[in-house]
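Single chain ahead, written as structure tokens, the form predicted alone.
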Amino acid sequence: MSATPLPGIGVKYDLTTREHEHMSVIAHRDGTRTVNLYRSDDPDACARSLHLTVAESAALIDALMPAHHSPNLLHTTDLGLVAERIELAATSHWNGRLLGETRMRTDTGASIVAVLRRAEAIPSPAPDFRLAGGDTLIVIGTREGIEAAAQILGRE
């Protein structure tokens, strides 16, 4: 599976099944999802597209992964919070700068709770953590806070 950031939209995940069927899921910033199934004779032509609400997406996740439920699992959407991955582009203004310089929590209310860099996860990065292009930031906050964080991090 591959992931492609779609600025201002969300993230597109592409998957080819073992039967060589191509599909994609677009995770929109508003929490909805679009599932696209492509024609086998023309992998660039979409045969079917389904737009799912947040509730429908959650129901589909329950159907695909029923074992994911745990009493210790925080269902952020039930609390009005969202967790999202935001990739920092190599051309970002923040590439090479300190996390604290973003003023993320102060200006958006959203928190960067982890950074994924190459094959490493850095939990709870401190304000003196130096960001790098290609980092994937795990951000938690309200939908509005996440959108504001994506705008700040997308600055070039």
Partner chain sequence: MHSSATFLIEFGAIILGLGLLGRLAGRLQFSPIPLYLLAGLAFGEGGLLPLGASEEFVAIGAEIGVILLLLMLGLEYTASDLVSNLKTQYPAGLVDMALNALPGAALALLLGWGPVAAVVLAGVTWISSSGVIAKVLGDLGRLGNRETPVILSILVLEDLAMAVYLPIITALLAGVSLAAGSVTLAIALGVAGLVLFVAVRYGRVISRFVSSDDPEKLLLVVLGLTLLVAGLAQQLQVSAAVGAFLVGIALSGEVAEGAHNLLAPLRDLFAAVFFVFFGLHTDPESIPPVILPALALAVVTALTKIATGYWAAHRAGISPKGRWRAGGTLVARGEFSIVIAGLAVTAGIEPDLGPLATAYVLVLVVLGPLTARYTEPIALWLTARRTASADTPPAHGAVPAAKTLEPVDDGGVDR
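Rigid core (definition): largest C-alpha set, two forms, superposition within 1.5 Å. Numbering follows the first chain given and starts at 1. Small disclaimer: the values here were computed from a predicted structure and weren't measured.
Although it is not shown, the form predicted together with the partner chain is what the next lines describe.
A.B. asks: Which of 103 to 111, 117 to 125, 87 to 95, 22 to 30 has heavy atoms within 4.5 Å of the partner chain in the predicted complex?
C.D. replies: It is the stretch 22 to 30.
A.B. asks: Please run the contact check for Asp44 against the partner chain in the predicted complex: heavy atoms, 4.5 angstroms, yes or no?
C.D. replies: Yes, Asp44 lies within 4.5 Å of the partner chain in the predicted complex.
A.B. asks: So, Ser2 and the partner chain: in the predicted complex, are they within 4.5 Å at any heavy atom pair?
C.D. replies: Residue-level check for Ser2: no, no contact with the partner chain.
A.B. asks: Taking 4.5 angstroms as the cut-off for heavy atoms, does Lys12 touch the partner chain in the predicted complex?
C.D. replies: Answer yes; at least one heavy atom of Lys12 falls within 4.5 Å of the partner chain in the predicted complex.
A.B. asks: Classify Ser49 as contacting or not contacting the partner chain in the predicted complex by the rule of any non-hydrogen atom within 4.5 angstroms, answering yes or no.
C.D. replies: Yes, Ser49 lies within 4.5 Å of the partner chain in the predicted complex.
A.B. asks: Using a rigid core superposition, assess whether Ala45 undergoes a CA shift of 2 Å or more between this form and the one not shown.
C.D. replies: Yes; Ala45 is a residue whose C-alpha shifts (by 2 Å or more) between this form and the one not shown when the cores are overlaid.
A.B. asks: Superposing on the rigid core, does the Cα of Asp14 end up 2 Å or more away between this form and the one not shown?
C.D. replies: Result for Asp14: yes, a 2 Å-plus shift.
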